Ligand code: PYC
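This document opens with one chain alone, in C-alpha cells, the form predicted alone.
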C-alpha cells in the first residue's frame, strides 16, 4: 500500500479545482466540475473520476466550452418546467443552479422538469438524481451525447451512449439509484481498456467497416453497440427525442457534427424529471416509501443486489479511510496542474 495515498473529499476537490482554475475555468465552473470529478473517485467510479479531467481541459483548450460561463435561471413561465441556460458552460453548475427551483416545484405540483440547454456534459448522471433523492424526491435524468453507437441492425455510429439515471429516496439510508449508458458500455470504459492494453468482450463494438471487433482502438474508431439489441436502441432513440429534440437542443449526430471529434466533451442539453411520491400516491392506502422498502427487502431477500450498492460501499470506505489514489494517478494530477492536458 506504500504506492497509495489517501485524500479526504475536500483535499481532492481542492486539488482538482486548482487544476481547472489554472486552465481558465471561473470559480462557478471549476467548483462544480471538481465536485463531480471527486465524487466519481470517492465512489470508485474510475471512468468518471480524475480520468475525465483531461477531456475537460482539452475541450477548454479547443474553445468548445465557455470556461467563464455563469448559468442563467430563466424566468418562470408558470409551467412545471424550470429552464436553465448553461451559457455554453459545463452541466454541473447549471444543474446546481436549477435544483432548488426544480425541487420546490415538484413538491408543490407533484411533478416538475428541469431543462438545461447549451451545456457541455462529461460526467455521470447519478449526481443529479441523488441530489433529488436528498430532497425526498424521485428523479429521472437523461441526455444525449455524440454519435458513437450504431442503432440495432445498423453498422455506423448515429446514436450517443445516451445515459439514463433514476433515483428513489430511502430516508436516512442510501437511495435506490441506477445510472447506465444505453450502449453496452460507457465509452470511458473502452478508453480505459485501450490504455490498459486489454481486449473488449465480444458484442461491445464494431470497427469502421461495421465488422465486430474486440480491439478497443478499432472500437473507438468504429461504433459501440446498444445494450439488449433493439431494446437499448429504442431507449437510446427515446433519449434523443426527449432530451434533444423535445427540449430544442442537439441530437447526438448534431452534437458530433458541431464538435467535429469524439476526443472532446460534447455540447447538447439535459432533461431532469422530479417526482413527489407523496403527491402521486394521493389518498391511496399505504405509504409509498414504506411500500418501496418492502419491494427492496424482497429483492435483497432473494440474494440479489440493488444497483449502486458497490458504489455506495466504496463511498463509505472513502469516507472512513480516504480516497485512494496510486502514484500514477497522483503523477497525472501533478502533470495536469503543471502542463494541462496533452493535445
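Numbering follows the first chain given and starts at 1. Computed from a prediction, not measured in an experiment: that's the story for all the values here.
Heads up, the form predicted in complex with the ligand isn't pictured, but that's what we're talking about next.
Site residues 7, 13 and 38 are none of them in contact with the ligand in the model of the complex, judged by any heavy atom within 4.5 Å. Stretch 180-188 is the contacting one of 72-80, 180-188, 243-251, 208-216, since its residues have non-hydrogen atoms within 4.5 Å of the ligand in the model of the complex. Contact check for residue 52: a non-hydrogen atom falls within 4.5 Å of the ligand in the model of the complex. In the model of the complex, the ligand stays beyond 4.5 Å of every heavy atom belonging to residue 58. Remark: residue 48 counts among the residues lining the ligand in the model of the complex, judged by a heavy atom distance of 4.5 Å or less.
Within 4.5 Å of any heavy atom of the ligand in the model of the complex lies no heavy atom of residue 168. Contacts of stretch 110-141 with the ligand in the model of the complex, defined by any heavy atom lying within 4.5 Å, are made by 121, 122, listed in sequence order.
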